[in-house]
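In structure tokens, the next block holds one chain alone, the form predicted alone.
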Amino acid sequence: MKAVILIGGQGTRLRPLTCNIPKSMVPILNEPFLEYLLLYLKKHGITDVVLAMGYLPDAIQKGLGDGSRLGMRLTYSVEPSPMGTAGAVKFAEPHLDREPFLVFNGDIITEIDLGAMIKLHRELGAKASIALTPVDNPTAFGVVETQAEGRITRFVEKPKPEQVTTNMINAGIYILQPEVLDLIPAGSHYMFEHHLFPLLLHRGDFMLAYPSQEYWIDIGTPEKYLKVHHDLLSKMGHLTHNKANIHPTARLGGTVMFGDGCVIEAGARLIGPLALGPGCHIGENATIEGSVLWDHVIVRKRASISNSIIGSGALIESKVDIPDQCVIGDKTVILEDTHLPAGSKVWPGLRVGEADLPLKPPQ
């Protein structure tokens, strides 16, 4: 079975991290997120994948090539303009066979059993199957109502609290019969959630729900991006540190992942779950806890970073305090003695000092 991964969006919810890099290429445990996703598909026997792209496609093609490095076959479908979730799949139709295929939203990490979902889809003869996952607050998602035998009966996109009848939401994983493509108008902006799925219901086509309690998370916001690192690192336990040059007086606690060539100076405190990208340099008596640093970040002495995300090539000067939920763009400089407010977002390439606070978002 072929798969189409939808990665055409600009990742605006993840900015400033995605100002200069597509969301699908942000690092997860020091590897591009899309590579993590592709290996998940490969684990379930899917090695032929069409990437439906729009924003910064060259960075994706350069990073992954034809997929042979991963033992996969990648085909690229670049939309001339945003066409919506279903419209993007319709645009990729020339790369698909007239066989059932999988569609995967390119901003989720999950352990849903695709093999079992595909098997059930075939056994029951569904026109379309949709994976469902439970969430605590379904009002930000698409709620899917079903009958006992798994037939989908209703969709409610981003329901108000009083409209919530179930906590099972659309998990962004679909299996579609090829004839479904005939219902999508060519060259139009068309959505699965608002257009195609309601049309299939109206026609009376059998749409199957595949509910799963397995791990699922949408990484589309900085908070969720940080959480997925905490979740994955916490499962990994002890890691070897032979990739890093760590001073004997540095103190490590919890799970800390190092990229190649990291340098940790005397007295530094690193408290996991924590991921440092390749080439990071942590200065004397600096403290970093629960954070994600991309590649070649420099943190000077006595700086402090807590539960935040630091983009590639950023420079954090001495005695800087970066508290919880800050997001620092790539090639940014935070000047000495600056104390950022919690939740600050600093756009790429800026030089920020105490006199520049409070920060204002770009116009």
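What you see is a predicted model; the values in this text were computed from it and never measured. Residues carry their position along the shown sequence, with the first being 1.
The same protein has a further form, the form predicted in complex with a small molecule, not shown here; the description that follows concerns it.
Pick from 177 to 185, 158 to 166, 80 to 88, 194 to 202: which stretch has a heavy atom within 4.5 Å of the small molecule in the predicted complex?
-> Flagged stretch: 80 to 88.
Applying a 4.5 Å heavy atom distance criterion, does residue 16 contact the small molecule in the predicted complex?
-> Looking in the predicted complex, residue contacts with the small molecule do not include residue 16, since no heavy atom lies within 4.5 Å.
Partner contact for residue 34 in the predicted complex: the small molecule, 4.5 angstroms, heavy atom | Residue 34: no contact with the small molecule in the predicted complex.
According to a 4.5 angstroms non-hydrogen atom cut-off, is residue 105 in contact with the small molecule in the predicted complex?
-> Residue 105: contacts the small molecule in the predicted complex.
Indicate whether residue 38 is a 4.5 Å heavy atom neighbour of the small molecule in the predicted complex.
-> Contact with the small molecule, no.
Select from the listed residues 52, 314, 303, 60 the one whose heavy atoms reach within 4.5 Å of the small molecule in the predicted complex.
-> Selected residue: 52.
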